[in-house]
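What follows is one chain in structure tokens, specifically the form predicted on its own.
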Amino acid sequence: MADRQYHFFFRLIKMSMKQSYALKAAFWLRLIFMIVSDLIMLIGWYVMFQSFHTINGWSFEDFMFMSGLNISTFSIWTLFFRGGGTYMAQWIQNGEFDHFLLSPPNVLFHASCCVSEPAGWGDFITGICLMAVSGLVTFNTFGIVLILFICAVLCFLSISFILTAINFYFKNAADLTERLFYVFFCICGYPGSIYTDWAKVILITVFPVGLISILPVEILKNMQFSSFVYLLCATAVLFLGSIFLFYRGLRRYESGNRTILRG
């Protein structure tokens, strides 16, 4: 049964990516502009770091790694799980989630995998390059970086699942989901060192953006085993908790009696 589900998800992702690549000119144009957009953002921060050199102990190289991790993590979500978050929130709000309830595979991952954005390839290329040139990725740290990347992807997916689940508990919350996504992206765009004391505690516990933007850099800089263990445990709890919250909320879903074929 598990093999059949994995085969289904692979075919679903493959079909979504083929659909996004159907208009080749638009695909390459969006990819290029996404890379340019990421580099323009980086240039602005480079000018600031040239003036101040460090921000609360973080150098420009640290910020590059953080940005690369955030961007590449975002690209994985965009390429393979774009249905999660704002798309799914709209389907739930409009009563268009019925199709996924009738399909045998895992409802959450089926809905997440049925949409793919081609611009994500531009983010993926940029993010990997930024991490590679940051200086924090070496032969000795490559294994740790790979684990940090997997944790970041799982945390990002968890946050998208949690924000999606809000729509089961509150009516007309799709706009709230979208706004919270914007808040999440804004926080990820700043050096993690600017958050201190209670702000930092909140960002690695209550609103766990810091699991993606703060802890990975600090783990590589200080090599603190306790922080690494905390990140692994927090990622597992967050991911499993988000899935539980989603399926708990799914019981409250009210059908809109609309049968729409997706994926």
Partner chain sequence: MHKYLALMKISFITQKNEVSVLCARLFFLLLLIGIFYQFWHIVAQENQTTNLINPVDFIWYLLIGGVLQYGRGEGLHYRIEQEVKSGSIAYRMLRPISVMWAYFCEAMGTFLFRLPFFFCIGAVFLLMITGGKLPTCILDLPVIFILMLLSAVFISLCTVFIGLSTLLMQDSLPMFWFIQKAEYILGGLFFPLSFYPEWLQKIAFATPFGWVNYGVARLIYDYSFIKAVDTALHILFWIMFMIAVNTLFYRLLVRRMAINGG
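As the structure is a computational prediction, the values presented were derived from the model and not from experiment. Positions refer to the first chain, counted from 1.
The form predicted together with its partner chain is left out here; the points below concern that form.
J.: Which among 55-63, 208-216, 234-242, 221-229 is in contact with its partner chain in the model of the complex, heavy atoms within 4.5 angstroms?
T.: Correct option: 55-63.
J.: Flag this candidate site as yes only if H99, I162 and I166 all have a heavy atom within 4.5 Å of its partner chain in the model of the complex; otherwise mark no.
T.: Spot residues vs its partner chain: no contact at all.
J.: Which of these residues, A119, V145, C155, C113, gets a heavy atom within 4.5 Å of its partner chain in the model of the complex?
T.: Result of the distance check: A119.
J.: Report yes if any heavy atom of M34 sits within 4.5 Å of a heavy atom of its partner chain in the model of the complex; otherwise report no.
T.: Yes, M34 lies within 4.5 Å of its partner chain in the model of the complex.
J.: Can you work out whether V133 and its partner chain are in contact in the model of the complex, taking contact to mean some heavy atom pair no more than 4.5 Å apart?
T.: No.
J.: Check whether N106 has any heavy atom within 4.5 Å of a heavy atom of its partner chain in the model of the complex, and answer yes or no.
T.: Although its partner chain is absent here, N106 would stay clear of it in the model of the complex, with no heavy atoms inside 4.5 Å.
J.: Please determine whether K171 contacts its partner chain in the model of the complex, using a 4.5 Å cut-off between heavy atoms.
T.: Residue-level check for K171: no, no contact with its partner chain.
J.: Could you pull out the residues of 168-200 that have any heavy atom within 4.5 Å of its partner chain in the model of the complex?
T.: Contacting residues: D175, R179, Y182, V183, C186, I187, Y190, S193, I194, Y195, T196.
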